[in-house]
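We begin with a single chain expressed as structure tokens, specifically the form predicted on its own.
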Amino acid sequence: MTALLVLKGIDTFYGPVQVHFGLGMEVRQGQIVCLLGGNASGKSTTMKIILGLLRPRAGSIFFEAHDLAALSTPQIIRAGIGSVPEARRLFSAMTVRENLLMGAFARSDRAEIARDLERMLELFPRVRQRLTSRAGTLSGGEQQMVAMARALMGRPKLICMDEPTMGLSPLFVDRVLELIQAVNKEGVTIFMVEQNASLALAIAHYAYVLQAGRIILQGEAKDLARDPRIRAAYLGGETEPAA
């Protein structure tokens, strides 16, 4: 299976504070790969460096064997990497439809954009019901669906998702996880940063565990779910997501 995204020897800093220490990982084509870790482990910073929002001081990031180091965030998006950011970050004053079309900002094929919009409404029927509503009036779960659909409107090969279940009710958590799997089955590779290990490992193919900026464990998700170190650190004391 081909490695779609590769990080090698990444050292990242915020001013004098080092966040990553020789970080390395791969996201293979067609997989759901999750990055687990507690608060301040460097998970969200990993997402930022992939998307070009923060530049590592050392190391390389390759997407389809092309170095992303010199690319801006819009160029990275155009290269085929979509983003579902933490807390969704929709344009709250714009309608749901307008938010979805923003996901296709780099495209000019209007007929195909219209077809993709209809496909998104089939995949996310709840979104169709709220199409003319302002995005800021939607529930957290509805906003998450819009954020996923917006990312898909760019026809990405890889979608980076930062804490996709954060703050959602249990009902919407289950639905969002089902949708992540459905999107993956359509051929989109998923890289997911997630704090809720039990949820992530239930749908992922491969997983990494990040602690204080270093990968301390990695392997098939089903194997890590049975690993006593993971169970003790992440699975024993987890609580349900907030309602």
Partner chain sequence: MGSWLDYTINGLIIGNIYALVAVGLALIFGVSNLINFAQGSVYAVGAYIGWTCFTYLHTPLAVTALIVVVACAGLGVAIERIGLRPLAGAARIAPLLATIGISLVLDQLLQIVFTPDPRALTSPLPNWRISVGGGTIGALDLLIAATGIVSAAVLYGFLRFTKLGWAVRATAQDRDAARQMGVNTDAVNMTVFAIASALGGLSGLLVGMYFNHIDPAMGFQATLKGVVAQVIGGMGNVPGAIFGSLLLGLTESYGVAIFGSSYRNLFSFALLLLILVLRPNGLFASARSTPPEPMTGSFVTPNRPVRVPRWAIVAAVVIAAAVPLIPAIPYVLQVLTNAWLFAMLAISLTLVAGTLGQISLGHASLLLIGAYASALFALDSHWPVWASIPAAGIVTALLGTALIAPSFRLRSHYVSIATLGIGEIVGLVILNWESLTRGPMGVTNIPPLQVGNIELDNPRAAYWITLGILVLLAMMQTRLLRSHLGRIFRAIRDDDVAARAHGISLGRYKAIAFAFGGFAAGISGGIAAHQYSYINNETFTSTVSISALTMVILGGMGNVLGAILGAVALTALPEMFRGTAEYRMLIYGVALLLLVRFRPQGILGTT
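Numbering follows the first chain given and starts at 1. This is a predicted model, so every value here is computed, not measured.
The discussion below concerns the form predicted in complex with its partner chain, not included here.
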Quick check on this chain: which one of 166, 79, 94, 121 has a heavy atom within 4.5 Å of its partner chain in the predicted complex?
94
Taking 8, 20 and 66 as a possible spot, do all three reach its partner chain in the predicted complex with a heavy atom inside 4.5 Å?
no
Among 137 to 145, 168 to 176, 121 to 129, 104 to 112, which stretch has residues whose heavy atoms lie within 4.5 Å of its partner chain in the predicted complex?
104 to 112
How about residue 52: is it within 4.5 Å of its partner chain in the predicted complex, going by heavy atoms?
yes
Might residue 85 be said to contact its partner chain in the predicted complex, defining contact as any heavy atom within 4.5 Å?
yes
Would you classify residue 133 as touching its partner chain in the predicted complex, given a 4.5 Å non-hydrogen atom cut-off?
no
Touches its partner chain in the predicted complex: residue 157 (any heavy atom, 4.5 Å)
no
At a 4.5 angstroms cut-off on non-hydrogen atoms, which residues of 147 to 183 are near its partner chain in the predicted complex? List them in order.
150
